[in-house]
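Two forms, one protein chain; structure tokens for each follow separately as structure 1 and structure 2.
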Structure 1
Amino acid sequence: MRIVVCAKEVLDPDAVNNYALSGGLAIGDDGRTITSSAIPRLMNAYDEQAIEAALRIKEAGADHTVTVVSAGPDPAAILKHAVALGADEIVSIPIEDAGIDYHVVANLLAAYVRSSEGAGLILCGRQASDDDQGVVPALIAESLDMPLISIARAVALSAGGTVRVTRVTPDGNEIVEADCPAVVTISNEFGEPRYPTASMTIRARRTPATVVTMSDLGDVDLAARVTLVEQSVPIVQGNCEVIDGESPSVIARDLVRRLHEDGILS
């Protein structure tokens, strides 16, 4: 079965977090693009876990291939990383605008699957750590008329061509099944992705990406549904009262007393 994994390049969310907290996150003159140049770009961590999920399915037997596709201004680096992890094929859909509407990205990815050999299983990260939207997998599923199973912590394929997924829900684990082709989104509970080995990293350097152009994709709806017009760092208004005292036990009693006075503890 052909497994297609969709991957996105993002700004390192931990670095963005550090800059945001220190007040040093730079937004460009356009009012919407983060321009702090020292922030590394990397593969969205959930997408890395989606690749891991695909590789584990492949290793579990049967004859599966893993294709990783990315649409973005410069997907080369993360696609190399995908090969280093173990992807059989990498596909790049170059698009100029870094702030492109995610609805259009979904249309491009769906069009790629439709215009290539199709897919038995499409795996995506549950959301991108930059926009946090998490809608692309659902849009792909609707566009290709496939069922969508979200927030997986375990995925397995059966010989009969069904996918069995353990989902992480607010009420605990749920096990569901659907006939392939299907779209599944992977959550962080899936577990750590593997590290690339030295030999795989060398192989990655030699593996070119298939570059897909608009004309390869046929008819794609490129009309923007949303445009990002502003981005800013929200200000958190602090009013913290620091409780100090000569020992932990004095501080602890003081805090408990105040919580009682405030009516929070009865």
Structure 2
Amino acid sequence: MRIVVCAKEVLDPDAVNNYALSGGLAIGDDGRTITSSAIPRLMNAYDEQAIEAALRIKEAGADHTVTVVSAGPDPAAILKHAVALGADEIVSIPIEDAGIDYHVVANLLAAYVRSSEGAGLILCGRQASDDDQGVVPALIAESLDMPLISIARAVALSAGGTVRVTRVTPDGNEIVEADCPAVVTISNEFGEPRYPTASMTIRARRTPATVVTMSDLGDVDLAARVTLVEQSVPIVQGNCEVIDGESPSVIARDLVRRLHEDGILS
């Protein structure tokens, strides 16, 4: 079975938060683009866990191949990382128009699957760390007429061609099954992804990505439906006051009194 994993390049969320807290996160003159060039770009962490899920399925013993595809301005770095993790094939769909939305990205990814060898299973991260939308997997499933199973903490394939997924819900785990082909989104409860080995890192340097242009994909709807109007950086202020006292109980009473005075507790 061919397993296709969709991956996205994002700004390092920890670096973004640190820049925002320090006041160094800058928005460009267009009001939409973060211009802090020192922030590193990396693979969306949820997508990295989706690759881990694909590799565990492959290692279970069946004859599976793992293809990682990314649509973006320059996804070469994260695709090399995918090879270092263990992907069999990497595919790049270059996008030059910065104004595209997640509808267009989903259309491109679905068109790639449709125009290539297809896929028995499509794995995606549950959402991206930069916009937290989490709608691309659902749009891919709709476009390809596949069932969608979301927020998986475990995924397994049966010999009969079904996928068995343990989902994370507020009430606990939920186990569901669906016929393949299907789309599954992987949550952070899946577990930590593996680290690349030295030999796999060397292999990644020598593995070129298959470049698929928009024209290669035929008639794809490239009309954005959602437009980013403005981004802003909130002003973050932190004030800390230490409450001293003779004992923990005295400190606790003083804290509760202060919270009542400030209207935080009624």
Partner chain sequence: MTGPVVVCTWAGEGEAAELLTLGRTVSEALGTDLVWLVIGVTADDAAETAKRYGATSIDQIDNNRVAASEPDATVEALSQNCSKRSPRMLLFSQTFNVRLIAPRLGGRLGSPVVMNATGIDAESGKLLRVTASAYGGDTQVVYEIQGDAMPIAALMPSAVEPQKSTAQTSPAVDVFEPDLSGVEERIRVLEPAHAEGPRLEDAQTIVAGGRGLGSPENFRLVEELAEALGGMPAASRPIVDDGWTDPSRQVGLTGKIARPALYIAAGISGASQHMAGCAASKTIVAINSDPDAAIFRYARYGIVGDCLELLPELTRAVQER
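Structure 1 provides the reference sequence; residues are numbered from 1 along it. Between two forms, the rigid core is the largest collection of C-alphas that superpose within 1.5 Å. Only a predicted model underlies this, so the values are computations on that prediction, with no experimental measurement involved.
Between the two copies of this chain, it is structure 1 that is the form predicted together with its partner chain. Relative to the superposed core, Leu11 undergoes a Cα shift smaller than 2 Å between the two structures.
Note on Val256: its Cα is shifted 3.6 Å between the two structures, core used for superposition.
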